[in-house]
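A single chain comes next, written as structure tokens; it is the form predicted on its own.
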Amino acid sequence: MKPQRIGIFGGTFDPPHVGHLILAAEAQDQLRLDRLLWVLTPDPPHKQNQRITPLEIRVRLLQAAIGDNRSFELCRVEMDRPGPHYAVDTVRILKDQVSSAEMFYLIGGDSLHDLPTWYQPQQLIELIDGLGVMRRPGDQVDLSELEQKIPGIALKIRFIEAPLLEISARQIRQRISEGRAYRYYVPPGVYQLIEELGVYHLPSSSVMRVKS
């Protein structure tokens, strides 16, 4: 039997939007993934001073976004352990759980530039079978320079071509707080839940917390 091919897609998903879904679908198609794990990050190390919606709300929003796709799975690997949560630790745990699978870690083209500054990037590259890079038009990276900093990375990179969508979670949160249209930026279930819970509509002290 061929080993399972598993994609790891991490983020705060605050909120999950159609851009996330399109990128995930392209990654699954182009990398021939059997499963795609959506790793919801409770406390991302690079967002320690930003407002983040409470985890229990983001869990419900993400479930609403991906629940109708059987190959998309909400992964609790970071929610069920204390932080800080680093990609290398997440991959190591998942590989221990499914040792026979091929693991593909998914990142955006902008994150590829910053990868040398991540925690233990060399160990991360050695652990994974492929690094799926969601490239957008205009993304440029010097692979030879990156290879010098993280030997072996060039052989692991798998570029994923995706449509250019100028949609971000931050933009959606701002539109909601300003009372502007946002309905078609998010999946229907996410829109209904945001409206039901009033999340992002109210002052930050009501539905969000400030990271200390």
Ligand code: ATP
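Note that the structure is a prediction, hence the values are computed from the model and not measured. Position 1 is the first residue in the sequence shown; the rest follow in order.
What comes next is about the form predicted in complex with the named molecule, which is not displayed.
Which is the contacting stretch out of 105 to 113, 120 to 128, 67 to 75, 91 to 99, given heavy atoms within 4.5 Å of the named molecule in the predicted complex?
Single hit among the candidates: 105 to 113.
Residue 155 versus the named molecule, in the predicted complex: is there a non-hydrogen atom within 4.5 Å?
Heavy-atom contact with the named molecule at 4.5 Å: absent for residue 155.
Just to confirm, residue 85 within 4.5 Å of the named molecule in the predicted complex by heavy atoms?
Result no; residue 85 lies far from the named molecule in the predicted complex.
Touches the named molecule in the predicted complex: residue 11 (any heavy atom, 4.5 Å)
Heavy-atom contact with the named molecule at 4.5 Å: present for residue 11.
Taking the named molecule as it sits in the predicted complex, is residue 25 near enough to touch it, meaning that at least one heavy atom pair lies within 4.5 angstroms?
No, residue 25 sits far enough from the named molecule in the predicted complex that none of its heavy atoms falls within 4.5 Å.
Pick out the residues of 164 to 185 whose heavy atoms come within 4.5 Å of the named molecule in the predicted complex.
Residues within 4.5 Å: 165, 167, 168, 169, 170, 173.
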